[in-house]
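Here's a solo chain for you in structure tokens, the form predicted alone.
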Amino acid sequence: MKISEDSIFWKLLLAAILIGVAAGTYGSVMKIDYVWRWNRIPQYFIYQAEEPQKIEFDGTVTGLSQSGDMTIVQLLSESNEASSIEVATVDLKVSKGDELFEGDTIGYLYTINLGPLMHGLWTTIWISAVASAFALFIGLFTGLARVSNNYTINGLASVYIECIRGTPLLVQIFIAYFFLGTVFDLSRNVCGIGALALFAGAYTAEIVRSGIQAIHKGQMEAARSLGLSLPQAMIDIILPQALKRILPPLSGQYISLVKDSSLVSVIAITDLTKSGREIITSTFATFEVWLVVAAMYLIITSVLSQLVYYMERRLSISD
């Protein structure tokens, strides 16, 4: 009973704290002299585009056939070539027998398009995914180099890690774009992904190194005594055990990479952050846009966190 009462007490305390924070935030917002424009935000997720349908030749309307909300306009050119154009019935601007000239608008066609926030979200996701894949590859081999007994390989890996970890990511992105991009004629997407991959790869290397060194040396000695080569022992024995230990910090690094990807907006990559800035310039809805952008980043990282949590539970089954 006591355990149950204690549990209820702490849950009520948590709820009281959250309510207090929400009330304090609401009170602070109310004191700001700001006009909220939430009604302007939905159109930047998805919107209905109006596309004028124009005739590309001089001709005559020979017939109209309606199908639901759409009307098919049948046309006959001066050279007796028949064609048809589909338009929305409510915006039909011609009648049967009308003579039209090239460029005349027959009506409009409405399509549902994704807004800049969705395009920016997609750019953020694919850039983060590609950079994470390269970072994992770089980090794995650099981490193995860090535990190598070869002085040259170990030294090169150490220099790379110290240089990358010792300089800000923003500076690295600038160097990748303005220097390397100019010298080797690389696109901004390649420069942005490369900078993110090298940055995350350095941290991944140290995570991999620590995971490998956490495995008792007797594991490697036992594997070698059974006739396995060093690469075989590392791949079949050491790395699978190290994976369980490095998964939490490794996942944290790549979740952080999603947030760090917002810095590629400084080199004109239209990711989620840059899309938000462009929307603000046209709507002046500063608070609304940044709150929405923050929520979208939170959704991505939360989904990744749950995925990692599921992987941890699956791996723990074999323990």
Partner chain sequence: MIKANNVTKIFTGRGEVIRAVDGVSLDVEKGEVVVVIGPSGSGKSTFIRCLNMLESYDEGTVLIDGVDLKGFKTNLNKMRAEVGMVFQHFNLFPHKTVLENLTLAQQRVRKRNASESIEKGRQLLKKVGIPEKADEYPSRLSGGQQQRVAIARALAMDPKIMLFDEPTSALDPEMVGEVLDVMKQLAKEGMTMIVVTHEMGFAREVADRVIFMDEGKVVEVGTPEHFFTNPQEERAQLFLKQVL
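Bear in mind the structure is a predicted one, so any value in this text is a computation, not a measurement. Numbering follows the first chain given and starts at 1.
Same protein, other form: the form predicted together with its partner chain, not shown, and the subject of what follows.
Among the residues E99, E221, E102, D185, the one placing a heavy atom within 4.5 Å of its partner chain in the model of the complex is E221. Contact with its partner chain in the model of the complex, defined as a heavy atom within 4.5 Å, holds for exactly one of S95, N80, T167, S229, namely S229.
Although the partner is absent from this view, N149 stays clear of its partner chain in the model of the complex, with no non-hydrogen atom inside 4.5 angstroms. Looking at Q241, you'd find a heavy atom of it within 4.5 angstroms of its partner chain in the model of the complex. When its partner chain is considered in the model of the complex, D236 lines it closely, a heavy atom lying within 4.5 Å. For S225, a non-hydrogen atom is located within 4.5 Å of its partner chain in the model of the complex, even though that partner is not displayed. Heavy atoms within 4.5 Å of its partner chain in the model of the complex are found in one stretch of 189-197, 169-177, 213-221, 123-131, which is 213-221.
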